[in-house]
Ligand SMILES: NC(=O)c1ccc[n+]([C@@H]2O[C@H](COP(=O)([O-])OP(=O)(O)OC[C@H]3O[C@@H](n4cnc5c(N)ncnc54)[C@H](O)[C@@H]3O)[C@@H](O)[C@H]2O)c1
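Okay, so here's just one chain, in structure tokens, the form predicted on its own.
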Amino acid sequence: MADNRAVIYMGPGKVEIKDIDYPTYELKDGPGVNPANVGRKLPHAAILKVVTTNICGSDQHMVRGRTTAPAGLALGHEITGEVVETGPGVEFIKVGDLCSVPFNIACGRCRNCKERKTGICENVNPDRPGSAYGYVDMGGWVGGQAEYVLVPYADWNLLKFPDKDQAMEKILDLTMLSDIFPTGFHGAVTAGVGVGSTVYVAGAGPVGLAAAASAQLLGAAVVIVGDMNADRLKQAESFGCETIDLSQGDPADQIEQLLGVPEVDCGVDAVGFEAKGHGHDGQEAPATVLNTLMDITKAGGALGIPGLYVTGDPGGVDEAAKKGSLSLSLGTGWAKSLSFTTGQCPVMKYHRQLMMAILHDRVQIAKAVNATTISLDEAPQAYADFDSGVAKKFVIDPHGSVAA
């Protein structure tokens, strides 16, 4: 049986590379596995040799100790891989197929899946609707920052690339299809971005940059990205975005200098619950981004909220924040007739179209997010570097496939 190694969360601020079990067609007990999922038979699954697997800002929330994730959890929900084995219930996916794995685990059978709401599948997580690999409160599915990973409901979940050689040539772009590209695109779509839109994206991390690139793909006239990190703002500027430095204060005045008015048509929150107040000495204030977006988005507009919000945050600034309760100015949103879209991106709603945009050179998402390849053994240092705010999207190459 093949060996398997993975990135393991060991506690706040610490990840290590550890040996883990090679995947089998049964969900076994382990850190974070819901007892109701233990022993679950998976004849519909496929085993993938991981080609690329990315470090996500959502992983970083766990590694910082800002969730209730248990020590020992195998991390990683952004996965691209080659099928090396299929269960007896897999009909269409074949050994040798190179596939993108949506970070949402979905059954394809429940009402939500049939309505294209694969981010809130009803059958894969006993805790609540919706699931993901290697993530807290998501049912306990083993993460894919590993050499091999199991993908349940393979015929439904896997997006097969039509030409393997062509896909490997564009693998650093295609690896973004598992999460951040569809997630950023979802943020832009649900914010109502279209031809001629003015857009403000809060946050210049990888998801924010993906949202900005998506807004351009959708035809936005002006895309403005706000952050406090100078290197990340430079990365946004590198592909044609306007930027504002939030360490200099509230974005409204800076938006007015760019557009002539202190508002935008569409707003995207790519920051989430670890938001800070604006200004040079801004302290953590988790409702800052949402309240600001309500202020600067035009009446009748919309907010796309791909940024992560949680129901359990041990490091929250107060007791309310520890439970995910934020001081939102909902009256502002109501008075301006704003609409909001939150939650996991339903990746399967978008990933095939975005794959085609990549394959036909309509977007260079890897360049936009500064994709940077590392080995599996370099992952712990990459987590530390990412936490320091480097303007990179780390792509783990467990088998040297990208390098080759």
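Everything numeric here is computed off the predicted structure, so don't read it as measured data. Position 1 is the first residue in the sequence shown; the rest follow in order.
The same protein has a further form, the form predicted together with the ligand, not shown here; the description that follows concerns it.
Peer 1: Looking at 56 to 64, 375 to 383, 23 to 31, 353 to 361, which lies within 4.5 angstroms of the ligand in the predicted complex, counting heavy atoms?
Peer 2: Going by heavy atoms within 4.5 Å, the stretch is 56 to 64.
Peer 1: Using heavy atoms only and a 4.5 Å cut-off, determine which of 130, 143, 152, 205 is in contact with the ligand in the predicted complex.
Peer 2: The residue in contact is 205.
Peer 1: Of the options 117, 170, 278, 160, which one has a non-hydrogen atom that comes within 4.5 Å of the ligand in the predicted complex?
Peer 2: Selected residue: 278.
Peer 1: Using heavy atoms and a 4.5 Å limit, would one call residue 255 a contact residue for the ligand in the predicted complex?
Peer 2: Although the ligand is absent here, residue 255 would stay clear of it in the predicted complex, with no heavy atoms inside 4.5 Å.
Peer 1: In the predicted complex, is there a heavy atom of the ligand that lies within 4.5 Å of any heavy atom of residue 103, even though the partner is absent here?
Peer 2: Judged by the heavy-atom cut-off of 4.5 Å, residue 103 is in contact with the ligand in the predicted complex.
Peer 1: Is there any non-hydrogen atom of residue 297 lying within 4.5 Å of the ligand in the predicted complex?
Peer 2: No, residue 297 stays farther than 4.5 Å from the ligand in the predicted complex.
Peer 1: Considering only heavy atoms, tell me if residue 228 and the ligand come within 4.5 Å of each other in the predicted complex.
Peer 2: Looking in the predicted complex, residue contacts with the ligand include residue 228, since a heavy atom lies within 4.5 Å.
Peer 1: Quick check: do 183, 272 and 343 each get a heavy atom within 4.5 Å of the ligand in the predicted complex?
Peer 2: Yes, all three are in contact.
Peer 1: Let me know which residues along 276 to 313 have a heavy atom within 4.5 Å of the ligand in the predicted complex, or say none if there are none.
Peer 2: The stretch touches the partner through 276, 278, 288, 289, 306, 307, 308.
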